[in-house]
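Only one chain is included here, represented as C-alpha cells and corresponding to the form predicted alone.
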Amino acid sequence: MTLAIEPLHPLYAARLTGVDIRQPVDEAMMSAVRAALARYVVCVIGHDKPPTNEQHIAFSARLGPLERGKSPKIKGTETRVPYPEIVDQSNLNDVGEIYADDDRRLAYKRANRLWHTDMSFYEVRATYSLLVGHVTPPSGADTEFTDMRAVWDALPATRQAELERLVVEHSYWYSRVQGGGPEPTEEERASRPPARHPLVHVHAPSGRKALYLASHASDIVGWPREKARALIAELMDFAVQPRFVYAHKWRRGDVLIWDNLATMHRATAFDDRHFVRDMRRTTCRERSMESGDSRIV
C-alpha cells in the first residue's frame, strides 16, 4: 500500500493511513514514515484495536535505538507492564487499580501536564516517542503539541541572535516539583542528575533550527538563576501560543509518534480518580546506551 498523509495543523502534525504497525512493515514504507516524521514531526497512525506490547516495541525499534531500563527510583514503584522498553503512562498501579489520590506516583505523573520534551534531563536525548492508546477516558486527556521549529522561525532575528549560544540545564526533579509533586528523596534525586543542552539546535531530519526547551529546563549556564528562569518562562509562553498548538484527541488504538528534538508536548487534565487512562510509551534515543546506563520516564 501507499502511505497517505492528512495534515492536521497548518504548520505540522499529520494522520498517516496505509500503514498498520501490527503487521510487518517493509523498508519502503518505513522510509515513507520517516519522511513524514521529518516534515510533520507529530504523526498518528490509527488502528481498530491497539497493537500488542511486542508489536509496539518491534515497530519502535525500526525508528532508532530503543530506551530500555528500569523506572526511576520512586518509593513504592512496581511494574504493571513487564517490558523494559515500555513506559507505563497510565493512572494504574501494579495490580491495575487507579492510584490513590495521595500516591506520589500519581503526583509525579500529573507533572506531565506541564509542557515538556521527553528525557531532556539526560545527556543522550530522546528522539522519537511512540505512545499507544489502550484505554481512553470519555472526556479530556488530549495530548497537546507545539512545533519548536515554527516557534524559532517566529522569533525576531535580534532575539534569535541572543539565544544562539546559550546552554540550558534540564532537571527531572525540578519539573516534578513544579508540577505539584513532592520533593524527591536523596535516593530519587541521585537516580537522575541534571543534563545540559544547547538552547538552539538543528533538527537534523528537516534541517531546520529549533528551540530545545521543556518544563525540565531549570537554569541557563553562566546566568543568575532569577534571570535565567525569567527568560525560560518568556520563551515557554511564546512557544505555546494557540497558533503553534495541535491537540490530539485520542481514540483507542491510536499510535501517536512525535519527535522530541522538534516539539514540546503535554498531557491535559481528566478525572484521573474515576476513569482509566492506559497509555504505553516507547522512546528512541540519539544513540544506543549500555544497559546499566539506560533509564526511562
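Being a predicted model, the structure only gives us computed values, none of them experimental. When you see a residue number, it is the position in the sequence shown, counting from 1.
The next section is about a form of this same protein that is not shown, the form predicted in complex with N-oxalylglycine.
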(request) Would you mind picking the one in 213, 131, 210, 126 that has a heavy atom within 4.5 Å of N-oxalylglycine in the model of the complex? (result) 131
(message) Within 4.5 Å, heavy atoms only, which of 89, 93, 160, 206 is in contact with N-oxalylglycine in the model of the complex?
(response) 89
(message) Looking at 219-227, 167-175, 191-199, 113-121, which stretch has residues with any non-hydrogen atom within 4.5 Å of N-oxalylglycine in the model of the complex?
(response) 113-121
(request) Give a yes or no on whether every one of 146, 149 and 245 sits within 4.5 angstroms of N-oxalylglycine in the model of the complex by heavy atom. (result) no
(message) Can you work out whether residue 281 and N-oxalylglycine are in contact in the model of the complex, taking contact to mean some heavy atom pair no more than 4.5 Å apart?
(response) yes
(request) Please check if residue 265 has a heavy atom lying within 4.5 Å of any heavy atom of N-oxalylglycine in the model of the complex. (result) yes
(request) Would you please decide whether residue 285 lies within 4.5 angstroms of N-oxalylglycine in the model of the complex, comparing each non-hydrogen atom pair? (result) no
(message) Using a 4.5 Å heavy atom cutoff, which residues in 35-68 contact N-oxalylglycine in the model of the complex? It's fine if the answer is none.
(response) none
